[in-house]
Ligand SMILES: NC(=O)c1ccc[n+]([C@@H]2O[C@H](COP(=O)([O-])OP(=O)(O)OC[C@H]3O[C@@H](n4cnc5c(N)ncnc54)[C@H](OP(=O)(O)O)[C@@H]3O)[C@@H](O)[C@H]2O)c1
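The chain below stands alone and is given as structure tokens, in the form predicted alone.
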């Protein structure tokens, strides 16, 4: 088990992503995935109030609704840690105090629970005074509707500001940070956010841990990806450098007799401050490889080899960005 930052939340070192629930997985299949995850030792479920508003015909909140129906039907609320987020639901955009409170109430109704274990500010809202937002989250903690606060998609500077406001005012400080971080997308996390996470003892819960499926090895060519549900999310990872990372993942996976996704998650779990990377499964059959990451110990030289190929992706991306800016 792993502890999320300075909280009392001890969780399995893998978080189950709920972005597929009610989207690419219907309710019945989603319930099967949740059942299998818990049966396999998992207990940390990640979602957001905006999932899956991006899908045609969806309005947001679908994932929370599916999780809520599972919690009610299974009676497993005390067995799991629920993390959800605010700011992106079409009816509750932004982080004003009024909106944060209203969105939390809506999430609680959909989840059919009286508390949220870990409540994230999903995206920064520069239109609202940060002190107002920090105070609103603290109010939810004080009422018992939220146990702990987390930040997602915040810059290092804004994380520092949030922590300073919380400490200066005696408000509940964040315990978790959810950044975009994986083998083919290491910045700005490693260079900017990781030091802040270490300084403030924030438990890191990376999203896009498998680069929207790219690091599973399922998509080796653009033709493999064409027409898939993940195409818009995954296409950006298709570079020569990215494919070389997948090749190294394949070699390491073969050495351990496991799937590429297992090694990609184990690599994240080997990194300082990372508590539990997030990975989603559209069906129960996909879960075994994800859960196996908790029991795979990568050797120092294996991590170093993956780092080296991954560094090439980071360097090339920086060079291309520099050329574009010139």
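Nothing here was measured: the structure is a model prediction, and the numbers come from that model. Numbering follows the first chain given and starts at 1.
Omitted from view is the form predicted in complex with this ligand, to which the following refers.
Participant: Want to guess which of 206-214, 138-146, 101-109, 155-163 is within 4.5 Å of this ligand in the predicted complex, heavy atoms only?
Facilitator: Answer to the contact question: 206-214.
Participant: 18, 122 and 280 - do all three of these have some heavy atom no more than 4.5 Å from this ligand in the predicted complex?
Facilitator: Yes: each residue has a heavy atom within 4.5 Å of the partner.
Participant: Considering non-hydrogen atoms and a 4.5 Å limit, does this ligand approach residue 51 in the predicted complex?
Facilitator: Although this ligand is absent here, residue 51 would touch it in the predicted complex, with heavy atoms inside 4.5 Å.
Participant: Does residue 261 reach this ligand in the predicted complex, with heavy atoms at most 4.5 Å apart?
Facilitator: Yes, residue 261 sits close enough to this ligand in the predicted complex that at least one of its heavy atoms falls within 4.5 Å.
Participant: Consider residue 89 of the chain shown here, and say whether it contacts this ligand in the predicted complex, taking contact as heavy atoms within 4.5 Å.
Facilitator: Outside the cut-off, so no.
Participant: Just checking whether residue 29 would be counted as a contact of this ligand in the predicted complex - the rule being heavy atoms within 4.5 angstroms.
Facilitator: The answer is no: residue 29 has no heavy atom within 4.5 Å of this ligand.
Participant: Which residue among 270, 286, 59, 273 has a heavy atom within 4.5 angstroms of this ligand in the predicted complex?
Facilitator: Partner contact (heavy atom, 4.5 Å) among the options: 286.
Participant: Pick from 218, 251, 93, 236: which residue has any heavy atom within 4.5 angstroms of this ligand in the predicted complex?
Facilitator: Of the listed residues, the single hit is 218.
Participant: Do any residues of 173-190 have a non-hydrogen atom within 4.5 angstroms of this ligand in the predicted complex? If so, which ones, in sequence order?
Facilitator: Only 178 sits within 4.5 Å of the partner.
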